[in-house]
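First comes one chain, alone, set out as structure tokens in the form predicted alone.
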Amino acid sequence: MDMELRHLRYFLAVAEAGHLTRAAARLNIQQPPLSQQIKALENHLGVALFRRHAKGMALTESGELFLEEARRILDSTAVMEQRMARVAQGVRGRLAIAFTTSAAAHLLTPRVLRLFRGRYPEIELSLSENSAAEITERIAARDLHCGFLRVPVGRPPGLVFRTLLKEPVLVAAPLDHRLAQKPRTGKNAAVALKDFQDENLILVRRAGAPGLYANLLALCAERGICPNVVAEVERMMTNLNLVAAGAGISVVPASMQQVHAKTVAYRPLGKSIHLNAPLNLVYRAADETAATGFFVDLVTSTTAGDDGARS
């Protein structure tokens, strides 16, 4: 026979009860089948586990040793079953989340990650930073569960893009740039679309991809304004590093304005320029991972009615 966990449970019941009839009652089975299973276990192991006597059954020396091993195995199995039950319930496991640089810079992102860690401490968070295109592709490929990004650069079927908030877009310019000479506040602080004419412009996107920067170029084209695109990069930090180095100007979400604060000036866009930076949560519609559902629910409930998050 092949020894199974039920054989260990039968053995343990008899060892603890010291009597076949009482053990059978505890297991809710008949005595003859239980006696047969114990005898079959002894034959399989090649040792006598019990001494039969008038008042019941007592463990042999081999039985005492086997009792220790049986309890260890059954205890380990019980722990494993409990852990797997918690995995099935979604309170234990792993959740892979990625975000773009600018999405990570918004206060909402670290806020919901802290809340999730506090609420589900047994779910391991695997965090990474990628471009919006990479995040979208990896979620579609099931390499990631969720992602935070700004304007989607593609919408593969089966993915959900949930807009959590929208924030203003600011112009980022080197401190010695003419746009940096504008006042920080007031009616003269705003940058008009015509100010982009012939300016060296740095974009954060894959060449030709849609998104925030494509929208900016479309607005410029509508009004006959021609900026000079000098670079297209995939990371917001690369973008701001180039701005700080004097390579050109760019536009960024308002939550990025603390980056290179001593070398980059941030100025608002004019009110007539309808451009904003949304923050989107991306995940698979058919993702059946309980942890993903918990995370989506937490993010949604955190942002619902949160006016501060939408500024």
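Just so it is clear, the model here is predicted, and its values are computed rather than measured. When you see a residue number, it is the position in the sequence shown, counting from 1.
Only in words, not in the display: the form predicted together with the DNA, which the text now covers.
- Screening 70, 265, 57, 273 for any heavy atom within 4.5 Å of the DNA in the predicted bound form leaves a single hit, 57.
- Note on contacts: among 299, 20, 12, 290, the single residue with a heavy atom within 4.5 Å of the DNA in the predicted bound form is 20.
- Residue contact check for residue 254: none of its heavy atoms lie within 4.5 Å of the DNA in the predicted bound form.
- Mapping the unseen interface onto this chain, residue 33 counts among the residues with a heavy atom inside 4.5 Å of the DNA in the predicted bound form.
- Using a 4.5 angstroms threshold between heavy atoms, residue 28 counts as touching the DNA in the predicted bound form.
- Put simply, residue 37 is close to the DNA in the predicted bound form: some heavy atom of it is within 4.5 Å.
- Segments offered: 255-263, 241-249, 49-57, 279-287. Contacting the DNA in the predicted bound form at heavy atom distances within 4.5 Å is 49-57.
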